[in-house]
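A single chain comes next, written as structure tokens; it is the form predicted alone.
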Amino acid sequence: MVYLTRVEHFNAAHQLFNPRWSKQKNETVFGKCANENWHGHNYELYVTIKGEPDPDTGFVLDVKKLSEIIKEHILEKVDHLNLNEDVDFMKGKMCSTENLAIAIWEQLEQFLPAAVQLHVVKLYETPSIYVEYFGR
């Protein structure tokens, strides 16, 4: 089994806010992330797939194809947008990095060829905070 990782970058705004809670409780739990004027991050996205190299190409998947899949189904939907309001696959979800990583996995897995599998989606919110999601 070979593991192949593609790294991408995007910028997005979001707010962590539970509408069932008071403003004070949201601020206590989420701090500055509950800011009603939003805040943003420079995200680093690592998508790792796994599979056996094709005997004709030597590729698990052509990295250009992997990049196209990520760009079309993730980056074009999140880059320089508001995750809470503009991103269809985040509607109705708390826009935590954890939930975003899961949603990215769910978006990507349906567009990968049958010969490869997602191994992990690693999403850096900051240089010192990241989430890894290995699927269900």
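This is a predicted model, so every value here is computed, not measured. Residue positions are given as counts along the sequence shown, with the first one as 1.
Form predicted in complex with another copy of the chain: not shown, discussed below.
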Contact flag, Tyr46 vs another copy of the chain in the model of the complex, heavy atom cut 4.5 Å: yes
Look up in the model of the complex whether Glu109 has a non-hydrogen atom within 4.5 angstroms of another copy of the chain, and give yes or no. no
Since only the chain is shown here, I'm wondering whether Gln24 would be in contact with another copy of the chain in the model of the complex (any heavy atom pair within 4.5 Å). no
Consider Phe30 of the chain shown here, and say whether it contacts another copy of the chain in the model of the complex, taking contact as heavy atoms within 4.5 Å. yes
Going through 52-71 from first to last, which residues have a non-hydrogen atom within 4.5 Å of another copy of the chain in the model of the complex? Pro53, Pro55, Asp56, Thr57, Gly58, Phe59, Val60, Leu61, Asp62, Val63, Lys64
